[in-house]
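First comes one chain, alone, set out as structure tokens in the form predicted alone.
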């Protein structure tokens, strides 16, 4: 009889993919199957995030709950970025934890489960040539890592300290993985990396020369791939060749995440982002010019150390000019192992909260404006899930959630839908 695995995932899309790898490896090598009931699990894993303070604080409270609820003999493991950061401190603080596996050591999970006290947190471990077992959460979408780690030094970000230096995965391994996914029913591929459009700058195999634009072209040639998405590109690497491929390749979803972080050039310099306000606006303008129906999302951090009230207005100005379709907004959160935590002129929480609220309110205006314009339009939607109320939902080509009345016959298909109504975050329509 197979053993049961309960796994909780915090954080980004790369963590979600790491969780898929963990599930696949444990299923293949130790016959674990998943359970959604903690009390039934023989193995409990929390895959952690350390980008912001709250997920780290949540870790130890969650571990305490897990330890109280677990059945006798069940093991507990901690994986992910906080595992990389804290290492054996986790076991010292929570001695009932059986093993710790960092974000660059997922391939070691099966061995770690077998040996109590294992701590694998080498951020320079190279997994780019490791052939992970197959598993994905979605029947119709396959998330694919194209690189590991990060070669940037943003002063607010802990990721380089938890995921290590950037290395690109060989293009043929990526293509082989996509082909396997397509053969088993996937129609959309979702490419993942800390800076996906920096792909190809660093390979373990020095003879590989493929860049990100070329990789997109190779993937689009695979029969059965109907839609390609990716996250997150870096504004610094958005050259004309990349933007023109994004605009002209019909298989690439016309949604793009362009992380701003801050709108003021001096603040961007302190953040070590590598671009100016003007460069960012120029890139977004080019994208919108070439792809009028594009959806542009972004990340915004308010109250970075030293950001004045006047400099913050530059962020609002960029928002007004670009009119982002989605914004992931945060108050600056000091993180360990980052230069920004020791910068002078840390900004008080009350000021940060006021700035965040202004960003939120302005974005709501832009959302309402964008979504209202879509009523009456016809969109191509890939349907993914049947809801209990008889609705089917999926995502448009530019990645808006769309609901229609329908049956499972729509699942996995891209069909035309006429939009009949809009909320701030989703659409309803009728199949044409």
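Numbering follows the first chain given and starts at 1. The structure displayed is predicted, hence computed values, not measured ones.
Beyond the structure shown, there is the form predicted in complex with ligand SAH, which is absent from this document and is the topic of what follows.
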Option from 258-266, 86-94, 283-291, 214-222 whose residues, in the predicted complex, bring a heavy atom within 4.5 Å of ligand SAH: 258-266
Considering non-hydrogen atoms and a 4.5 Å limit, does ligand SAH approach residue 330 in the predicted complex? yes
Given that ligand SAH is not shown alongside this chain, does residue 118 nevertheless sit within 4.5 Å of it in the predicted complex, heavy atom to heavy atom? no
Closest heavy atom of residue 157 to ligand SAH in the predicted complex, within 4.5 Å or not? yes
Any chance residue 52 has a heavy atom within 4.5 Å of ligand SAH in the predicted complex? yes
Please state whether every one of the three residues 297, 314 and 358 places a non-hydrogen atom within 4.5 angstroms of ligand SAH in the predicted complex. no
Ok, 81, 301, 148, 100: which has a heavy atom sitting within 4.5 Å of ligand SAH in the predicted complex? 301
Looking at 232, 125, 107, 253, which has any heavy atom no more than 4.5 Å from ligand SAH in the predicted complex? 232
Could you list the residues in 25-50 that come within 4.5 Å of ligand SAH in the predicted complex, counting only heavy atoms and keeping sequence order? none
